[in-house]
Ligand code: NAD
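Shown here is one chain on its own, the form predicted on its own, set out as structure tokens.
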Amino acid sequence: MANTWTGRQLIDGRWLDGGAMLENRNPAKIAEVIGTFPRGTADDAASAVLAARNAFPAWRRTSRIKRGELFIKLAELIRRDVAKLAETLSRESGKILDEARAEVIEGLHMVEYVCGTARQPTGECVDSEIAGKDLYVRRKPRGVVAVITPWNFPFAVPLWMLGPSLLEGNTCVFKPSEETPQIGELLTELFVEAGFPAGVVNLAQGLGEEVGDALARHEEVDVVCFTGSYDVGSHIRRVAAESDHKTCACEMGSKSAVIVCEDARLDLAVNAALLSAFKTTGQRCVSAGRILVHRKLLHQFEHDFIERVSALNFADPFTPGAFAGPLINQASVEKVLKYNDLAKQEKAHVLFDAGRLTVGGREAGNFVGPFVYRQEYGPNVRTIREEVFGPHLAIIPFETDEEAVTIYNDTRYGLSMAVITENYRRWRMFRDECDYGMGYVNLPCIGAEVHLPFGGVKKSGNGQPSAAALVDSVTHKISFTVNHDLEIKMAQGMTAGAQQK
């Protein structure tokens, strides 16, 4: 594919060219340059924040209903461009075309959700102790929101953040991953075409350590919404803590798991494990790095699972029948292979090792196949506790449900968990005893829907979920009291009259 795309930034309604540029390459064919995109600066970030700050007063005074109607137009445009957006997303991220299309639809669902909430009540009237008073609670926008998003869901995750932020009256600076700048630019173009006013949505392209850090630190940014690594998310949390007004919503990775109980249906368990571990080549924050299997089922599960794994086709994202595509870059390839070696050093029993894939054209890209091993639970085993973010999977035997809870919780992450069982009391116990933000029963540990909160605990999040729940991070609640009596009466029995000497 010819290098025909030259990226731009959008600041205060103006598309800006020029400056230093970054190459964007196809991870399935790394010699192919998709385009060049701006390597933005801290000054660019500051200009985008200023534009958002200046646009904020008029935008927050715009009727919430009118703001919602712009999202109706945005939904129409996304629906019109599904095929184009999916193709771009697939080529940039390495996600197979089927998954890329599903992600675009997920982003569309977020926009439709926002449209639907535009006419819902945003406050409540509460009774007072005093009959003549009415008490009210309302939400108000916080101000300028920096939206810093990952490469692995470069269309849906931005809309999880931009949608609720904008509907509630905030203005935004959107910083896509430098790995997927083109889909970020196309999404921003749709906001412009839908009629969002200048400065309400700004696009700041560039490196995370340059543009992203500048946004997180800027004094005029009120909220930072971030999805990505724990290291970056914890840095953003520290920056926010040093401010007198800044808050953040951070989702930061996992060591998620599927728990296969002794009464599990094996066919369902194998399929759930397969999808959880290897969809998107294991590059989802909710991807299962661990499958916990009851020892009674271990032998049969491993046999059936490896039989399915050996038939998976990791190939170019546009290949019909491909199950998964490449890793995003060479650094990811090296990290996955390093953890594969570490598992062997930790005395794992390797069940399947596809290694680096170098035939059928895959030598031209960042292709690594599945690595599956059995590892007994122990106190110092790094590979069953640390996030790998690739097709690297540990199968861990357990004897009792209580032991499975212990194993699941023995990691510093807590994002997603699935339990495969036919016993409702059993899944209820796992629901209550495991540390996670999203749980599933008889399903993979992937597959979030936008009208639910998306976030985790421990190193996986800071208690401020995204998607539908983001509204709580980008607004603050105010209360006010109205007196309808002709005299003042105080709550708690306090005297209202002036005291005489």
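Position 1 is the first residue in the sequence shown; the rest follow in order. This structure is a prediction, so every number in the text was calculated from the model and none was measured.
There is another form of this protein, the form predicted together with the ligand, and it is not shown here; the text below is about that form.
Proximity to the ligand in the predicted bound form holds for all of Gly212, Val232 and Glu387, with the criterion being a heavy atom within 4.5 Å. In the predicted bound form, at least one heavy atom of Glu251 sits within 4.5 Å of a heavy atom of the ligand. Contact check for Phe56: no non-hydrogen atom falls within 4.5 Å of the ligand in the predicted bound form. For Trp151, a non-hydrogen atom is located within 4.5 Å of the ligand in the predicted bound form, even though that partner is not displayed. Though the partner is left out of this view, Thr227 does reach within 4.5 Å of the ligand in the predicted bound form, counting heavy atoms only. In terms of contact with the ligand in the predicted bound form, the residue from Asn366, Ser165, Ser416, Ser177 that brings a heavy atom within 4.5 Å is Ser177. Between the options Leu292, Leu187, Val145, Cys285, the residue in contact with the ligand in the predicted bound form by a heavy atom within 4.5 angstroms is Cys285. Only one listed stretch (117 to 125, 402 to 410, 345 to 353, 168 to 176) carries heavy atoms within 4.5 Å of the ligand in the predicted bound form, and that stretch is 168 to 176. Contacts of stretch 90 to 106 with the ligand in the predicted bound form, defined by any heavy atom lying within 4.5 Å, are made by none of its residues.
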